[in-house]
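Take a look at this single chain in structure tokens; it is the form predicted on its own.
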């Protein structure tokens, strides 16, 4: 009898242990991102969930929020509880430290490549046959050209667009800022619509059939060719553009509150893995891993690129060009 009781207790103990081990923790993350990354994270999130499950036994689901990068940063500052942000430019992420200390001051040193797991650039998308003969920046400021680009006040991609055009204008006018202002004024005078984000601009150009040329992210242009067909649109790579470096960060204040710091950190780190970089390349972003970058290099056209450093970094560029009464406000008012 005593032997049978001991057997029962031992079996029950094993059952309890087994049950405890089978109860995986369920974790939820919110990734607040900029407009054109929908397809990237739609593919990446289940891959990361599988990786995390195999590593820890826990289940993780990732919810996405997408809009213009500047608008997204403001949403987080106003209380949207993002565990991670994956935005279009460093200035927008830095606001989370500057205004609410939601992230550490040195957030860019947390991950490789200044916390940017990929790069991209700014190109043009035109209608099949390129009926307006658009080949470079100087072609889109001509009279009769209708441009679609987002609003720099709400869209990170739009700010990259502006600086790419400004850099071209400076290079072709002996660094004459007055000439660059004239160039940019004409560009925005030709703007048919300023959507709040890059995906909205794509919709205006592709589905609403507004404009002759869309100024957009390289990856967004390739997405349109893939989704809507190369028989309808063509990608035009200008001679000169800007190297875009969209960064990522754990919103540490929120992650601590949610108890998600470990998984949120690993979620971003895994973007740098071979698996993450493959997904990045497949979605037409430029991987930073040398091996994966070489694999996908053939899908990108070559062009001369300059960096945000030429403007003194993002804080300097934001204050000069996009702050209230900055250069954009000045030239937009003049152009209209």
Partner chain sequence: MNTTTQPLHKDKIVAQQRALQDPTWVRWSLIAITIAFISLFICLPLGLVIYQALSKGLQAYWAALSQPDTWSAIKLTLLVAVITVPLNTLFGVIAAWAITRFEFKGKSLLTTLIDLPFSVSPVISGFIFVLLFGAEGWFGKWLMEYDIKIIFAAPGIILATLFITFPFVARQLIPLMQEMGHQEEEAALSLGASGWKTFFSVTLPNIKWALLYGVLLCNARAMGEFGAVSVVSGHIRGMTNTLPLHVEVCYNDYDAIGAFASASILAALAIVTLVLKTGLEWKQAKR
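All values reported here derive from a predicted model rather than from experimental measurement. Positions refer to the first chain, counted from 1.
The discussion below concerns the form predicted together with its partner chain, not included here.
Student: Whether residue 176 contacts its partner chain in the predicted bound form should be assessed with a 4.5 Å heavy atom distance threshold; does it?
Tutor: Taking the distances in the predicted bound form, the answer for residue 176 is no, it never comes within 4.5 Å of its partner chain.
Student: Answer yes if any heavy atom of residue 75 is within 4.5 Å of a heavy atom of its partner chain in the predicted bound form; otherwise answer no.
Tutor: Yes, residue 75 sits close enough to its partner chain in the predicted bound form that at least one of its heavy atoms falls within 4.5 Å.
Student: Does its partner chain come within 4.5 Å of any heavy atom of residue 191 in the predicted bound form?
Tutor: Close contact is absent here: in the predicted bound form, residue 191 is far from its partner chain, nothing within 4.5 Å, heavy atoms only.
Student: I'd like to know if residue 181 sits close to its partner chain in the predicted bound form, meaning any non-hydrogen atom pair within 4.5 angstroms.
Tutor: Outside the cut-off, so no.
Student: Select from the listed residues 120, 202, 161, 86 the one whose heavy atoms reach within 4.5 Å of its partner chain in the predicted bound form.
Tutor: Only one listed residue qualifies here, and that residue is 202.
Student: Pick from 308, 30, 49, 27: which has a non-hydrogen atom within 4.5 Å of its partner chain in the predicted bound form?
Tutor: Spelling it out, the residue with a heavy atom inside the cut-off is 30.
Student: Can we say 39, 79 and 99 each have a non-hydrogen atom within 4.5 Å of its partner chain in the predicted bound form?
Tutor: Yes, the whole trio is in contact, each within 4.5 Å by some heavy atom.
Student: Tell me which of 243-251, 111-119, 226-234, 163-171 has residues with heavy atoms within 4.5 angstroms of its partner chain in the predicted bound form?
Tutor: Of the options given, it is 226-234.
Student: Given a 4.5 Å distance limit between heavy atoms, list every residue of 63-77 close to its partner chain in the predicted bound form, or none if there are none.
Tutor: Heavy-atom contacts to its partner chain in the predicted bound form: 63, 64, 65, 66, 71, 74, 75, 77.
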